[in-house]
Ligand SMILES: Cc1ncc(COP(=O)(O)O)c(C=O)c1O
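Taking the form predicted on its own, here's one chain by itself in structure tokens.
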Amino acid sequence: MSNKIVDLRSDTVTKPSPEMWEALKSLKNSDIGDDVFREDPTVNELEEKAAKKTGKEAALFVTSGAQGNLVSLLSSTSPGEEILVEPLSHIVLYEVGSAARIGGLSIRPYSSNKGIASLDELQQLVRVRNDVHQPWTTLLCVENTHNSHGGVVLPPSFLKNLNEFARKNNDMKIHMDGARIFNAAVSKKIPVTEFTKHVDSMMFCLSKGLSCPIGSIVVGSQEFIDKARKFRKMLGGGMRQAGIIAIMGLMALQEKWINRLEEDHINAQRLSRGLKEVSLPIEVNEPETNMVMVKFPDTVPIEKFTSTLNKKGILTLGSGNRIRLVTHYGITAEDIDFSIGKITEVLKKFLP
């Protein structure tokens, strides 16, 4: 086992910045309260700041991205209705079927080109309310950036078209799983509001690239957030003196910390470029944000490959015939160069 560890499994492994720890140390009893009673001033400040930052009326602090997505779905639908979701989205693959089990929702998948759907195809999938045989399609979900497609950005132009489409079809609502929406905004060098103004609700994570230890935010209209708050309580997410974790979220939403995400994108590009230069039979994406997807020949046993990499000090996740490498706070350019060397070294052992 290598003494040096470079953890590229996910940006969920980030640790708080020194400024976040200092902010936590400065917290006083007067800065926290019972959030279920709306009496935690730090949580209230975080929610107000998040709403303003995303251009929405209100916001809600939740324990996780999965909880944030679920309370959003519950707040926009009724049991027995149908939602349209891209099949490789986080909502479908990594949230334990909660939309169906807890929300009583029928999930209808739509195909896409790296997260971007064809409006013509979507039109064929929409079910109308007056058909007695079918569930009514009431919600359209998108993911931005899209995890399984390699951190790609769904541009505002597509979201605008999607919004116009939804209004013409049952006046559907649009929910965006924006776990990494600030990565998208920094990558395209535009305000996050250019994305959010085209959707009715959105969840974004504080605990990924923004480096907080816990928490996500749901944003939308005041009416929507009032519903979401009740569903959060129903799901056991009503926290009490939550200011002790919300304080780090306040630090994370500072403009300079959001802009720090560009370092992760630069490191991802460095990693992609380095792997492309090793002249091995692999396919490497051109990362838009902080994810590098590496596709290997079918002859490479991914589980054994990643296990060997782990022992060499490179932690990553594999599935099928590819691995995902995620850059984040704490990963340096030197770490990237070290990783390129180890990945190349290990891969050569598995090639004929």
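Sequential numbering from 1, following the sequence displayed. All values derive from a computational prediction rather than experimental measurement.
We do not show the form predicted together with the named molecule, though everything after this point is about it.
- The closest heavy atom approach of residue 327 to the named molecule in the predicted bound form falls outside 4.5 Å.
- Although the partner is absent here, residue 58 sits far enough away that none of its heavy atoms falls within 4.5 Å of the named molecule in the predicted bound form.
- For residue 207, a non-hydrogen atom is located within 4.5 Å of the named molecule in the predicted bound form, even though that partner is not displayed.
- Contact check for residue 95: a non-hydrogen atom falls within 4.5 Å of the named molecule in the predicted bound form.
- Residue in contact with the named molecule in the predicted bound form (any heavy atom within 4.5 Å), chosen from 196, 147, 76, 211: 147.
- The partner is absent here; in the predicted bound form, the one residue of 64, 310, 44, 321 having a heavy atom within 4.5 Å of the named molecule is 64.
- Residues of just one listed stretch (64 to 72, 293 to 301, 25 to 33, 45 to 53) have heavy atoms within 4.5 Å of the named molecule in the predicted bound form: 64 to 72.
- In the predicted bound form, no residue of 321 to 336 lies within 4.5 Å of the named molecule by any heavy atom.
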